[in-house]
Each structure stands twice: as C-alpha cells, then as structure tokens.
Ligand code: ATP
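What follows is one chain in structure tokens, specifically the form predicted on its own.
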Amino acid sequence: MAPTRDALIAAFAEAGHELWLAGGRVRDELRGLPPEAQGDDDFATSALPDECERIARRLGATVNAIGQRFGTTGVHLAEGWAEITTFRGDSYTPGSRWPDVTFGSSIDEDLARRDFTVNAIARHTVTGELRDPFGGRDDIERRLLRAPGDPRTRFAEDPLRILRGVRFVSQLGFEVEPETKAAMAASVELLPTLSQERVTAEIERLLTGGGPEAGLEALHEIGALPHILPELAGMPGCEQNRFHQFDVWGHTTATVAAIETDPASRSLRRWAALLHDLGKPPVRHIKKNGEWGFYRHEIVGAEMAEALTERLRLGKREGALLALLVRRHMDRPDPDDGRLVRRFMRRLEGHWRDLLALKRADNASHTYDDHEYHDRLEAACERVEAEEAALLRAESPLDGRELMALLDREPGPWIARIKERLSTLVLDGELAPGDKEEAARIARRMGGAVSLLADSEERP
C-alpha cells in the first residue's frame, strides 16, 4: 500500500532534511481553490536525489527516477503522484534543449529560480511557515504574472517559461506584467531551441485552459507565433469579407472561445477551432465584386492541418481527424434531404457533433445568424442516428475477392472505386445491404467504365 503524504513528510524530517510544498499547489491554495482543484504535490527539499529515492523506497513507495538528472524524483503516495525536487538553480546553455541543473543550498535560492512570483511561494511541511520572498501572494491578489528578479535572465535560463506564461494566461486568467511581457517578446528567438514535445505540451495546455483566446492573443502579442506556430503567422492582419466581424486571427480566436466543449471533447474541438481557417491566408484573392474571396480554403487548410499536426507530433489519428474537420467545416447539407444528411454524417466517421459544434462556433463572429440552420441540421442528424443507424454503417454487398472473381480481373484501385459506389448506393437507400445479385449487376455495368479509366491513367 502506498505511503501517505504525512508519512513522507515525517520520514524527511526524521532524516534531517527540509521539505517544502512549493509551486502550483501552494499558489492554488492561496487562490482559495478546493483541494481537489489544486495542482499535484510539488515538494522542494535539501536532500539530494539519491537520498530522496532512498527515503521513499524505505517507506515502500513506488519511485519514478526518470527525472533525477534534473533533480526530480517521482513518488507515488496514497494521495497520488508527487514530485520531490532538490533545491536547485537551472539555466540553459545557448542552443540546448534541456536545462543544466545545479543544486542549491536553500529554499530561497530555489524560489529565486522559479518562473513566476505566483509559483515562487513555499510552505514548510512541518512548521507551516510560508516563504514568499518575491511578493507572489500580492501578485495572486492582483492576478498578475511577474518574473522573480530580472525577467530576461529567467527566460534565458529556460525559454519554456515564455510559453508557460501564456499558458497561465489561459489557465489562471492572469495578465502578464508589462516588464515581464517585454522580456518575453525580447526572448522569443530562443523558442526554437526547445524540443517539440515540450512546446506542443504547452500549446495543448493553453488550448484546454479556461481562457484560451486570451492565451492565444498573448502568444501573438509577444511575437511567438512565427517561432512555434508559423503556419498561423499569416492570420493576424488577414482581412476578410463583409460576412465577418474580424480578420482571420480575430475570427479564429473568437471561434476557439465560442466552441462548446466538455472534458472529453475539449482538446479536439479547440484544436479544430484553431485550425479551421488555416488555409485562408494562402488562398485569399480579390473577387470580381471587389471583395476578398477564400475559394477552396477548406481543402488547402486540411492539407496544412495534417502537416502541422504531424510536425507538432499530435499523433496520426488525431491529425487525420483534425484534417477531416477542417476539410468538412464548410459542408452545408440540406437538413430536409435524408440522403445528403446521411452522406454528411458518414464522411465524418462518427464525429458529426464535433463538426456541428465547430460550425456553430464559426458562425459566432459572422455578421449573419445561421442558428436556425444549425438547429435543423442537428435535429436531422439525431433523427438519422436514431432511426437509420444501419444505413450509416452501409458497406458494399460485394467484397474485393467477389469483385475480382465476378469481373475476372487482377487486384487494383478499381476495386475501391466500385466498392465505394456500391456503399454509396446502400447509404442512399437505393441498394439493399445484402443484395449481392443487384450489386453484381451494377458492378458488371461499372466494370467497363472503370477499365477504360484505368487504361487512360496508365497512358503516358
């Protein structure tokens, strides 16, 4: 059984080591958040990493030593995972992706190396003494993010702190103090030295925070977009037509703010909102009527979204799904045409609710109201889902082997073309799911046309 937090505190005290609760847990406690809404346990100690591990193992705790080269030992307690970090000061060697760690001798030295004053507060686990050398409690009251000491030095030590700052704007609803913000802007050229995994994790946390639009705007204001999200850098200042209230950037952040989410859908939907108009800046043109046009921006945007998510290492499945939502966000099926509604839903692979949430949010900053259409489309999709679920799973009555035997042909792309056509006919209710005889008749009719198409594609 995992030891308790109190047992760990007692063991460190018995061994003669200081143990302080620091960082987000203390900050959230001072903000008045209930225990369940506070951050994980983050301890700072005078004990060296090897000693932290020995104490934890003597208690029978599970230990994660992966972070020990940075001075951090993970310990599994009855209350959950905790991190115990030796008093330290860390800094970046120019061009390095990870901090060079040196161990400090006191809690004050450790707090001086923290990212922001609101995180540079510690509470002694035995005496209850609160150590706040940089006025973090006052900054919590003022809802202000301020670097302790010289801000440019703090960001040079670890440029990730720049992104942590804009992430805290989203998560905490705090503003960045002017001198600190200026130092962020002056240090953004250090961001490319960070590993992609660390950057992507901060963007993800920003997007899933309580005020993502404020965090994104802070990211733009300090000039970080070209360094971490260059694909979005063309959005600010990209004017739109009379159907929009804002430029592409303002519209994008408004869409991120407006999209309806729950904990399960928050990440996917906010990423989709962020990327949905990715293709607008590169395709923008002036139409004959003198207005800006964005023809095929959803197609170009889907291609860009897939490449961007691959660069960010979000995962192939998530990247493909985001590209699909971007590609389909302009789809507008007639809610009264069941066939078109079924096709709309089938293309979305079960994610029609996510796309509808995106379409509603996309409309939030338009100059016209499309609420009635979205209500009708949602009702139509719900009806199809309840009454015609089998059609949404429509598949070709004939598989590839049956088609090859029927048409006496070798395997090739022609199989997918015929199967797709047969599946569409089933989806539209024009072919019964198990009607192999009618499917064979249609396949024979299609076979000649597919052969001619294949021959033409093979010609030089």
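Note that residue numbering follows the sequence shown and begins at 1. Not measured: the values here are computed from a predicted model.
One more form of this protein exists, namely the form predicted together with the named molecule; it is left out here, but the text below deals with it.
By the criterion of a heavy atom within 4.5 Å, residue 86 is excluded from the residues contacting the named molecule in the predicted bound form. Remark: residue 161 counts among the residues lining the named molecule in the predicted bound form, judged by a heavy atom distance of 4.5 Å or less. Contact annotation: residue 155 falls outside 4.5 Å of the named molecule in the predicted bound form, judged by heavy atom distances. In the predicted bound form, residue 271 stays away from the named molecule, with no heavy atom inside 4.5 Å. The single contact residue among 115, 231, 139, 354, judged by any heavy atom lying within 4.5 Å of the named molecule in the predicted bound form, is 115. The stretch among 45-53, 427-435, 401-409, 23-31 whose residues place heavy atoms within 4.5 Å of the named molecule in the predicted bound form is 23-31.
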